[in-house]
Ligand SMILES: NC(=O)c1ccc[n+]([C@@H]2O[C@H](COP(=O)([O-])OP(=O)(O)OC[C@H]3O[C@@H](n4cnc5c(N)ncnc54)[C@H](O)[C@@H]3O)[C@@H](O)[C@H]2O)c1
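We begin with a single chain expressed as structure tokens, specifically the form predicted on its own.
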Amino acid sequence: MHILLTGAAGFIGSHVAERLLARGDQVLGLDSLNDYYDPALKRARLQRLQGQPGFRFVQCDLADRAGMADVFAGPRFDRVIHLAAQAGVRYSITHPHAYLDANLTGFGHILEGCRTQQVDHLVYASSSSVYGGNTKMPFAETDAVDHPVSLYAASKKANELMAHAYSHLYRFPTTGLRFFTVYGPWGRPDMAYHLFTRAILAGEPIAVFNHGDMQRDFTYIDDITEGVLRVLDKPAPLSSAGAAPYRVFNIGNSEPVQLLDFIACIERALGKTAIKQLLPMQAGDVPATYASTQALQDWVGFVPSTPLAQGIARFVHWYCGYYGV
């Protein structure tokens, strides 16, 4: 297939691109290569893709209306995987316009492009953050998600609403994936496990929020990538009854881990003990995430299979090699 993949130089996007190319798809990778975190890491991911048969790259900002129109003015894409976004809960508190531009205006440009090209299927990144302060566990797609606790979460919920409107009006399938704390090699350096590893190796204290009383549904990158591809290959059917060809799924490990246990796993992989600085909860954060993944399992048979210890060991091996420590 001919696929547009946004966020191709990102953590999840670069792994998805590798899998698409390995199975023979033609991929146009799009990324702005912005400086939210070190662009050198983004370029290093991209370098692994460039030169592979079937891959082309274009640098473009999602909020650039004319630039995005040019992307969709070329040959028709069979399907679009939209993973580019302004990420990060805490950053959204201090840099709200980055989220308005990328996650709202930018997503609108993606939807318009898919409409004009009559794309067969749009798969896009949502987030577990949409569940906000929900206390019922595990989080299920049928739960109300009307009380976000960060602008980032609100922007992702808005994406789901926008996608539904386009699926309803223009009859093209859209599928949103609510990612739950993705980790692994080539991961984002602003993520906790990346920050923990750097600090532990340097002998510096790590910030442990809510005094460690937190749980996360950590999901290894290879499992996430497998889920994305399975969903890509199974769009919602067009219904003669008029229902929108629209789906939203949780994609997580469905096994939440205590933050202190997660840190202990990193300590074992590094062979070093962390200096823990216990701090209060940060604004916009939530104490726990826990995915019900039954709907995704029923739809595409997706079940994560990577144990946490194995995934962390792979990340640490990559980290030490990439950073030369």
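Keep in mind it's a predicted model, so treat the numbers as computed, not measured. Numbers for residues come from their place in the sequence shown, where the first is 1.
FYI, the form predicted in complex with the named molecule isn't displayed, but the following is about it.
Check your understanding: Looking at 139-147, 168-176, 78-86, 197-205, which lies within 4.5 angstroms of the named molecule in the predicted bound form, counting heavy atoms?
Key -> Going by heavy atoms within 4.5 Å, the stretch is 78-86.
Exercise for review: Establish, in the predicted bound form, whether 9, 182 and 188 all lie within 4.5 Å of the named molecule, using non-hydrogen atoms for the distance.
Suggested key: Each of the three qualifies.
**Study point:** Heavy atom within 4.5 Å of the named molecule in the predicted bound form - the one residue of 49, 60, 27, 265 that qualifies
**Key:** Exactly one residue meets the criterion: 60.
Review point. Which residue among 214, 123, 151, 102 has a heavy atom within 4.5 angstroms of the named molecule in the predicted bound form?
Key: Residue within 4.5 Å of the partner: 102.
Check your understanding: residue 33 near the named molecule in the predicted bound form, any heavy atom under 4.5 Å?
Key -> Yes, residue 33 sits close enough to the named molecule in the predicted bound form that at least one of its heavy atoms falls within 4.5 Å.
Point to revise | in the predicted bound form, residue 250 touching the named molecule (heavy atom, 4.5 Å) | key: Residue 250: no, not in contact with the named molecule in the predicted bound form.
**Study point:** residue 37: touches the named molecule in the predicted bound form, heavy atom cutoff 4.5 angstroms
**Key:** Residue 37: yes, in contact with the named molecule in the predicted bound form.
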